[in-house]
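Below, in structure tokens: the form predicted alone, a single chain.
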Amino acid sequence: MKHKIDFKINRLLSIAPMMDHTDKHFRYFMRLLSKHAVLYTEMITTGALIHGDRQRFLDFNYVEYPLAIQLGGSNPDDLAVCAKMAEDEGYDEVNLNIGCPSDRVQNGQFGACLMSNKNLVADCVNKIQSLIKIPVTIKTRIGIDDLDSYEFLYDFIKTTHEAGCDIFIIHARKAILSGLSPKENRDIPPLNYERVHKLKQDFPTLNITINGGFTELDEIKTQLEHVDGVMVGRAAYQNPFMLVEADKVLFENSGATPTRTDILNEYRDYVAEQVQQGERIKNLTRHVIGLYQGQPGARKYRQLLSAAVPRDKNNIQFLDETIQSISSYSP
């Protein structure tokens, strides 16, 4: 179990679980930007944990706290076993994926399709809660296919809450399970923030976080007038420096504000450690490509990071030269 400090999680802002993005390197980078935002792993299936390389999937750095694991599955016993693994490893929260619309996830009978089986999801929550003490939370959509009425969403939340879930993250779009790709499901179904706001009105004691389409700090502040928290996804990847401002405004962080170069230099030391342990540098630098979004020299910086490491340079020399190049344009 990782060394951790017990504290109450502040859920004003969180970074969404994103497949192929929110690995441990990305989460380390996020923590350099925000000391407070709740971080989530990529979705990890119960099969991967039970039958695969458990330690690799569960691995994280203690600086990532507060940190939640997102599990994908529909078997209550398997989910409970995996939740216990996560608690023993030191995670702060177990989140159930009831929102992913991909064909692969549907074939495994989990993700968004589970919205149509509220009693099974309730059984999963109940079974997990019987084994662990950390919170069990649900990330879901506002509906699926033709099951997209407010009454359907209300019943799903009510049933799973009665089973023991008090914290819900609602992606304010329905999922269309056939005919749209996961990428299209992030854009095409219209957003309905008002439906999530109504949930908070009808369940005032629940912790409700809203997710979907937020790219600006002002938008986040407006949402916090209606719900308990906001989750951002692609915005944190495309314009990560917004999190520094979020720490100041949302969490009233009074410490010195780091510059982009400060953050990149800190991450550089982490990259050096990871490369020494055998990690490929491109798996590390891909996460920081958006750091200088909108700044002078950003295009050149992206080009440098996306290029292959020249044969006459080692990995860290390549990164140092990239940092030096962008620092001459923008702090």
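Numbering starts at 1 and runs along the sequence shown. What you are looking at is a predicted structure, and each value in this text was computed from that prediction instead of being measured.
One more form of this protein should be noted, the form predicted together with a small molecule, which is absent from this view; the next part is about it.
Proximity of 19, 70 and 212 to the small molecule in the predicted complex is complete: all three residues have a non-hydrogen atom within 4.5 angstroms. Using a 4.5 angstroms limit between non-hydrogen atoms, residue 234 touches the small molecule in the predicted complex. When the small molecule is considered in the predicted complex, residue 200 lies well away from it, no heavy atom lying within 4.5 Å. Taking the partner from elsewhere, residue 226 is found to have every heavy atom lying beyond 4.5 Å of the small molecule in the predicted complex.
Within 4.5 Å of some heavy atom of the small molecule in the predicted complex lies at least one heavy atom of residue 43. Checking 137, 74, 97, 192 against the small molecule in the predicted complex, a heavy atom within 4.5 Å turns up for just one residue: 97. A heavy atom within 4.5 Å of the small molecule in the predicted complex is found for one listed residue only; from 186, 221, 158, 84, this is 186. Across the options 226-234, 252-260, 160-168, 145-153, residues that bring heavy atoms within 4.5 Å of the small molecule in the predicted complex belong to 226-234.
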